[in-house]
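Presented below, as structure tokens, is a lone chain in the form predicted on its own.
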């Protein structure tokens, strides 16, 4: 009886091994015309990058949306923004993640942003000359002298030379050094925003460089007792390249650290606002940082 069970067990193992060898090596499963929704997460990320890069050149928002829907994501805009944040957090350059953020913004607003069109450089016609030899007879000897004949040009005009006027040189202004890209950002202002129509309490950020230009790609880390979140400016260009926001919870203390320059703002909490009826509700904060 025991020998029969042993033989049965060995036969099952042998059959299982032969089946696995056949399915893995001899006749493996091949996917043909498979849907993008069954791709691995890393392949889906590559798929979104290709779609965003194509959208930059075609500006076809409907086609980009149709392609993204093939991935089967529950929220197309959230997935694009989250992938762009992951790319920046992993050290990817901002210009590589920006197409994803722009596509997410255009999908949210429902129309394509205006594309940059370079100004064409005017072309100038340069006159050309043809050298033709002429023969001059001098003292019984014929000598050859080259003469130049200009080619006809369609729209070339000879501009007379203007007289050169000597000018007295004036000293240049003294150069004033400005903050470089690695200079720290410091908190320049904090404003309480009260809007009863808002359903959430937002911690809003606005970053500007030393020339008062909004700064994109600034990494922000917000920590509290229950966790940590990090994000970047520039992913909501309709609100500004230096804008970013974070949803706050009531009765929670937050600490803010700006990675660029290492600025630190502790003990930040949602403010309390009061509506005309005397009811309290959590408000929002606008934090302005200047380089």
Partner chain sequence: MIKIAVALAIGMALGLVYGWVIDPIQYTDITPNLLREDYQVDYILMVAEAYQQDFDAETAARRLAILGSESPASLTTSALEYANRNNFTPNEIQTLQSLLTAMQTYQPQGAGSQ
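Please read these numbers as outputs of a predicted model, since none were measured by experiment. Throughout, rigid core stands for the largest set of C-alpha atoms superposing within 1.5 Å between the two forms. Positions refer to the first chain, counted from 1.
Form predicted in complex with its partner chain: not shown, discussed below.
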Thinking of its partner chain in the model of the complex, which stretch from 262-270, 51-59, 246-254, 231-239 has heavy atoms inside 4.5 Å of it?
51-59
At 4.5 Å between heavy atoms, is residue 63 in contact with its partner chain in the model of the complex?
yes
Please run the contact check for residue 23 against its partner chain in the model of the complex: heavy atoms, 4.5 angstroms, yes or no?
yes
Taking its partner chain as it sits in the model of the complex, is residue 27 in contact with it (heavy atom to heavy atom, 4.5 Å or less)?
yes
Would residue 47 count as touching its partner chain in the model of the complex under a 4.5 Å heavy atom rule?
yes
Go through 62-76 residue by residue and record those having a heavy atom within 4.5 Å of its partner chain in the model of the complex; state none if no residue qualifies.
63, 67, 70
For residue 45, does the CA position differ by 2 Å or more between this form and the one not shown when the superposition is done on the rigid core?
yes
Post core alignment: residue 70 C-alpha displaced by 2 Å or more between this form and the one not shown:
yes
Inspect the rigid-core superposition and answer whether the C-alpha of residue 249 shifts by 2 angstroms or more between this form and the one not shown.
no
Work out the direction of the Cα-Cα change for residue 58 and residue 215 in the model of the complex: closer or farther than in this form? It's 3 angstroms or more.
closer
Explain in one word, closer or farther, how the Cα atoms of residue 214 and residue 102 are placed in the model of the complex relative to this form, where the distance changes by 3 Å or more.
closer
